[in-house]
Every structure is written in structure tokens, then in C-alpha cells.
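Starting off, we have a lone chain in the form predicted on its own, written out as C-alpha cells.
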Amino acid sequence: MFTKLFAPFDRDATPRYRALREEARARFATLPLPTVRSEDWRFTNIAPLAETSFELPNALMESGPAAPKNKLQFHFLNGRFAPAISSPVPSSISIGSLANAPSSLPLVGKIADVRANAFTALNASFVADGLYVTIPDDVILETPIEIIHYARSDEKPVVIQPRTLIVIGKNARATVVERYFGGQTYFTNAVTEITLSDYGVLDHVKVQEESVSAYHIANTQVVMAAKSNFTTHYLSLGGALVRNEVRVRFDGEHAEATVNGLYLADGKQHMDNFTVIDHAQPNCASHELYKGILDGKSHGVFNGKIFVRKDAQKTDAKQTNKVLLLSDDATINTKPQLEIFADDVKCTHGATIGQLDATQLFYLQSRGIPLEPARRLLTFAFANDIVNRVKIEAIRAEMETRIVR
């Protein structure tokens, strides 16, 4: 269904990434869209998405005020960079549209592998625009970089293919926030590629608040060099059918990754969280905590994999999934996994699923707090464990308000 869009897309697309598009399309032709018969997709049925006929998006007018001077905000409207409402770029860093990226930036399509992932191949089949972020060696960037994606369909559902490349230099440090939201029915198929050089530090936050009738499938793929540090917090609120993938590979020793997520679902929302932590080098550490709050008839999925390769001795890996079910009709499928081929490691994984603690509710009520406020208080405390780990105060405040609601 997507192949019909290739020719009309190419008529307006820059020839710069033609080779990557052709390679991805050839691979996409050999990769069927996943079904529930695929082990990694067994709890997520994408039939509603596969049966929808999507069109290429129309350009949206770059209206509204420009980004505040004290912020670094870069806007995309229906997948197209909107420089008129984006921030000017400081001279110390390099940010811009992938369509105009410097020739010295050959990493697009080198980190996220199109060979095994149909949706990553689909995204690469439409590469023409996107954002690149390059933090040079020894640069400490204090102001967070915000990448804001807004999508909207008019008469027919549209498909958006956001693409982001983040390069953190040696001894460099930055914070990047990705935000996704929109209106009506559409399909966001996003790929974010991240590479960290030696001693590089990246604090990454993703806020997904798509339309409740939208589809969102995303792959964030990270490669870490020696003694680098990567932290990501995924906060998921919107979308009818959501699948968020995070893949981290250690390519150098003494690196550390923290992968956290919080997903809130209600009604008939479906939220699938898929993570892969690949300990390919020794002396590395990973910490993973995902929490879900499910209400109504919503469905949550957590599938987390940790691989410890044969030579990855002294690995320290922890993985936890905790889920709070607020209704009898909400369901969760959780599958934490460890595959260890080294013998000198410290690895743990586990999952807990439950409802609000009756003893804690009784205690709060005995102190004069009515039942519903007591339920909200305990739910807030459960979720805020993740939110409090986000270092950006504005996002913490926003998420706390959403959780209370």
C-alpha cells in the first residue's frame, strides 16, 4: 500500500538521498509488514494500520510566532522542516535540515538498520528531509534542543516519516527533547539515529502525545563509544496504536545507558514498548525501568531484551517493568528477557503487575482522604517515580498535570 507513494514522492524530493531510498525500497519489498505471528509483534496487531490507505501529506503553513529567543526549538509540520518558526542556531553547534546537511555528515541511514525492520526500511524509503544535530567535541550545551513534530490530515489519512540524526562529539554534552502531536487520523513512522563519541553525554526525552485516532511507530537507535553516557525518558500519552522501539548498542567499554519509560493508556488505546540493550563490550552498565498505567479497555505491551555478548565481561544490567491496572478490562503483556553469553556479569530483570493497594487506600481514607482522591494520589505517586527523573522542569510540571487529570 505504501509503494504507490514512491513515485509521487520522488517528483518533489531532493536527489541527495536517492541511493539510500532505493536501497531501503528494495529491502522493504522483501520484508512483509509484521503480524501477530512474528515473535516480536505477537501482542500487537497492526491490521487496522495495514488496512488504511494513506496519502502523502500536504504542506502546512508556517504560521505562528517564531521560537522564543531563550530556547532552541525546531519545528516540523507534516514532516517538513519549518525554519520560519524555528530558532536560529548558535555558532557553537550545527543544526539544520537533512536536505541541506553538510557532505561531511555521512551517518544518515548508517545507525538504524533497514535490513531487519520493515518500518525502518519504510522510513528510509522516504528520506529527503529531517533534522541533524551535531554537537562538536568539548562543547557543553546548557539549553535543551526541542524537536517538535506536528501532523494533521485533512480529507484522507496521511503518513509522516520523521527522521532525526543526533551526533554527540568527544567530551560533548547536550539535552534533546522530541515531541510528537497532531490532529485527526494519520500515521507517524519515525526514526531517530544517535551516536555518541568517547565521553559524550546525551540526555534524551521523548514525549508522544499524538491524536487519539493516530498511529505512531518509532525506532530510536543508539550507538555508544567508550565512557559515553546516554539517558532516555519516553513519556507516552496519545495515539490509538503505538509501538515505540529503543535499541542501544555498546561499542566501547565503560559506557552507561539509562532507558526509562512511562505509558498512560485509557479507552481502547494500545501501547507497545520494545527495547533492545546490546552489551557488545565489557565493563558497561545499563539501567531500564518502564512503568505503565492502564485504564478502560486499554492494552499495554512491554518486550525488553538484554543481550550480553561472549566477551562482555563485567556487565551490569538491570531491567524492570511495573504496571498498574486501574480497571478490570485493561490488559498487559510483559516479557522481560535476558540472553547472557558471558560468565562474569551482574544482570537482573523482572516484572510486577497489580492494582492499587487496598491497604494503602484504607490508610489514606482513615486519615480523612476520600476514596477517589486517594486513588489519584497513589496513581500519581506510582507514575511520578519516572517523571521526577526528567531533568527539564517544564516537562516535569506538564507531565504531573497530565497524570493528575
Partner chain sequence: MTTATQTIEQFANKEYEWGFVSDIEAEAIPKGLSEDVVRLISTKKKEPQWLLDWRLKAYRYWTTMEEPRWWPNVTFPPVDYQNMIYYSAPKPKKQLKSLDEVDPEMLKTFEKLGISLDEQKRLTGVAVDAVFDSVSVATTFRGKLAEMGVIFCSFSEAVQNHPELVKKYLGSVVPYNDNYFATLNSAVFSDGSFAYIPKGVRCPMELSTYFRINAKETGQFERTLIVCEEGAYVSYLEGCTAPIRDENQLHAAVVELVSVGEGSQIKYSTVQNWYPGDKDGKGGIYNFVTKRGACRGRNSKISWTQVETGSAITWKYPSCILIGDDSVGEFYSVALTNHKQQADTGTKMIHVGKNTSSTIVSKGISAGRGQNTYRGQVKVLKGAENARNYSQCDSLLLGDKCGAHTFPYIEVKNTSSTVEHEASTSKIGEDQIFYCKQRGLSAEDAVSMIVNGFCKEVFKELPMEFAVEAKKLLGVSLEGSVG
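Quick caveat: nothing in here was measured; it's all calculated off a predicted structure. Positions refer to the first chain, counted from 1.
Below, we turn to the form predicted together with its partner chain, even though it does not appear here.
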Here the chain is shown alone; which of Ile353, Leu33, Leu56, Leu364 has a heavy atom within 4.5 Å of its partner chain in the model of the complex? Ile353
Considering non-hydrogen atoms and a 4.5 Å limit, which listed residue (Ala374, Cys347, Leu49, Ala67) is close to its partner chain in the model of the complex? Cys347
Using the partner position in the model of the complex, report whether Phe341 sits within 4.5 Å of its partner chain, counting heavy atoms only. yes
Is there any non-hydrogen atom of Trp41 lying within 4.5 Å of its partner chain in the model of the complex? no
Is there any non-hydrogen atom of Thr334 lying within 4.5 Å of its partner chain in the model of the complex? yes
Looking in the model of the complex, any heavy atom of Asp328 within 4.5 Å of its partner chain? yes
Per contact check vs its partner chain in the model of the complex (non-hydrogen atom within 4.5 angstroms), the hit among 305 to 313, 114 to 122, 232 to 240, 166 to 174 is 305 to 313
